[in-house]
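Consider the single chain below, provided in structure tokens and representing the form predicted alone.
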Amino acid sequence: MEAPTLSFSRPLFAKLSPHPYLLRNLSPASPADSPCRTNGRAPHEARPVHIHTGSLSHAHGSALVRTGDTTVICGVRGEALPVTSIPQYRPKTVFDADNSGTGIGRGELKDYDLLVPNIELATGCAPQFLPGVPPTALAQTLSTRVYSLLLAARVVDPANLRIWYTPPKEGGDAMDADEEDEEESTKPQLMAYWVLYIDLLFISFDGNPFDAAWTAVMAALRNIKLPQARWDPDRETVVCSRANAAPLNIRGLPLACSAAVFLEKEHAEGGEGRHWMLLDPDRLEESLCREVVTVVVDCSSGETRLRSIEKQGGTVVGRELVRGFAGVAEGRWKEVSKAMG
């Protein structure tokens, strides 16, 4: 009598031994078979991205982004901030009367906190996120990365966030000696800023959250229409008009592309054994990889511009791999920009 064979279904095998299961799929027995991940994608194949803008009616700009089972919604709302309410505000005299401004843009955004991103991982979006707990380390890390990239890539033109006031000229004759004082008193004065509150909520979470979050931020910023704002000297406040809302001037279209490095040996040190770079990793793949690389490129000008490179953990990815991955990021940029429209 033969002993019964013990076999497991594919889903059960994946749960019991996730690393051998993924390794088996990436290294098929037959050379004629192509490497395939457990989700059916090739190593350099990303999940399709779907983008819908204008989803929130009470935000100045919004976007819903879905890549596979990762779904995030972003809402951006502008609030007027008088310069008198800014601690340690330093008046500048380098601005032009046409609001173009020069010189200090990035300093303004950072010093006065004009961009405020916040990311929340909703209860139920993944099993590890429980109700009634403080913000997770992942949510805080994602918020910091989004904020840093907004400043580094100079996506937002601070000239669009300035609210000016031009005092009227006083009537009557003026002496020549007072002409200079009169011109000085009628120069445009910077009275307030728009502060952009960028809130992101993950509805479902299945890996690669930064790429999805950053795509949602860029889509929402491109969707923004800020009301026309003017300074009322009598009430000493900002008055807005929704009738003449204007879009925000966004510089370029930098988009992120991430990949995780999967090692042949589960507890290998350094670059021992074979490895695979898994583009747009899902939640299972991220749990099995200790090294992630993110490249941000901008191809909106017709040529590829490298905006940022981040690498977390591991020692496999070096200059050569990053150089080759830049080409993959360029292809991903074309897919996402096409979906963004």
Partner chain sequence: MADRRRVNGPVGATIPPVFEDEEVQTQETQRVTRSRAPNGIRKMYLKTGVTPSASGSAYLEIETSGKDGVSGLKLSCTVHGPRSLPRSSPFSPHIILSTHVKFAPFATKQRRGYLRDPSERDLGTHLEAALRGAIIADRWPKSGVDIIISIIEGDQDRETSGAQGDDTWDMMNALSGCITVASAALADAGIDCVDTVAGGVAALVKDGGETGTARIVIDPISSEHESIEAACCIAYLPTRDEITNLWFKGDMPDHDMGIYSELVQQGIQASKLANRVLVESLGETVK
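Positions refer to the first chain, counted from 1. These figures come from a predicted structure and were not determined experimentally.
There is another form of the same protein, the form predicted together with the partner chain; it is not shown, and what comes next is about it.
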item: Partner-proximal stretch of 255 to 263, 111 to 119, 151 to 159, 208 to 216 relative to the partner chain in the predicted complex, 4.5 angstroms, heavy atom; value: 111 to 119
item: 4.5 Å heavy atom contact, Asn39 to the partner chain in the predicted complex; value: no
item: In the predicted complex, Pro91 touching the partner chain (heavy atom, 4.5 Å); value: no
item: Close approach of Gly124 to the partner chain in the predicted complex, 4.5 Å, heavy atom; value: yes
item: Distance check, His275 to the partner chain in the predicted complex, heavy atom within 4.5 Å; value: no
item: One residue of Pro233, Pro247, Pro135, Gly107 in contact with the partner chain, assessed in the predicted complex (non-hydrogen atom, 4.5 angstroms); value: Pro135
item: Residues Ile73, Arg77 and Val239 all lining the partner chain in the predicted complex, heavy atom within 4.5 Å; value: yes
item: Members of 208 to 229 lying within 4.5 angstroms of the partner chain, judged by heavy atom, in the predicted complex; value: Pro227
